[in-house]
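Just the one chain here, the form predicted on its own, laid out as structure tokens.
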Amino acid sequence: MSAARVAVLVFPGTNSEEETVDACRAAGMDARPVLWSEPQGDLRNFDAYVLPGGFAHEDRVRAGAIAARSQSLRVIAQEAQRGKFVLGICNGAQMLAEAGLLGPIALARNLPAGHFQCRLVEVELTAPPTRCALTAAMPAGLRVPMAMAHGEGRFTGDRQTFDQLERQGRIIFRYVGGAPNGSLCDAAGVCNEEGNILALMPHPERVAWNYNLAFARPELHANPMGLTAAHAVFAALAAAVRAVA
């Protein structure tokens, strides 16, 4: 079986594509960066898509708003309707929300801080793993270290919408100990109704290797190239693609 072909979409201002490509490749996927300006027809040849972090188009208007209206995002939305998998990380999650692929959910400025926050966080898989295809290979209740780095990362919407998300089990990951950005229901990751699109605000790729966390956990220096629990996000994406191949 050939490796899953994964497009890591790059816009002007994207800054996490290299770590994301590396994390996908470490999970056995054939990943490569794809510029937003490449022929859109070529995008259809990929098995899955990752929208990485950064500040696409300088996050003018709102974070992810301009990129969400690109032809590339339209193609990815069409491919997602056909059942392909889409993972949006940080700025990528903002694009998914702006493109309407999560329903009536927005990502707003952090509260109460009101500004960019950068810190290590721990998130927990609180939904049943099989609720989202991109987490189906993870153990229930998995806790994962991630890097929070955003100014507009607060999942928000009306209370009725979030009550529905709760009933549908679509809040896939939550911040352990409460959301430092004020996200409703402590949401760190939300999937679409069909479960093949996952919007994840904190970054797993930035702490996917032991050397990323060794400053906080000196014992990890002994095996700097070992994979952390955060890499499970990419391993699960690879497993999801293999399951439908």
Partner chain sequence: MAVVSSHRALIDSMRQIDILIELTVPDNTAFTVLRTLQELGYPELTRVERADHVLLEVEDAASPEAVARSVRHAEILFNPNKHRLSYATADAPVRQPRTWEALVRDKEEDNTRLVGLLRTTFGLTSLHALARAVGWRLADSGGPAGPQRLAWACQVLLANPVSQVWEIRPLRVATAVGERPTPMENMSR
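Positions refer to the first chain, counted from 1. Because the structure is a prediction, the values reported are computed rather than measured.
Separately, the form predicted in complex with its partner chain exists; it is not shown, and the next lines address it.
Using a 4.5 Å cutoff between non-hydrogen atoms, T156 counts as a contact of its partner chain in the predicted bound form. Interface membership of K84, defined by any non-hydrogen atom within 4.5 Å of its partner chain in the predicted bound form, is ruled out. Its partner chain is not drawn, but in the predicted bound form it has no heavy atom within 4.5 Å of A80. Not displayed here, its partner chain is kept clear of P139 by more than 4.5 Å at the level of heavy atoms in the predicted bound form. Highlighted residues I66, E98 and L111: every one comes within 4.5 Å of its partner chain in the predicted bound form, counting any heavy atom.
Of the stretches 126-134, 166-174, 68-76, 140-148, only 68-76 has residues with a heavy atom within 4.5 Å of its partner chain in the predicted bound form. V61 is the sole member of V61, C185, L35, L220 with a non-hydrogen atom within 4.5 Å of its partner chain in the predicted bound form. Although its partner chain is not shown here, in the predicted bound form the stretch 71-107 places heavy atoms of R74, E98, P104, I105, A106 within 4.5 Å of it, in sequence order.
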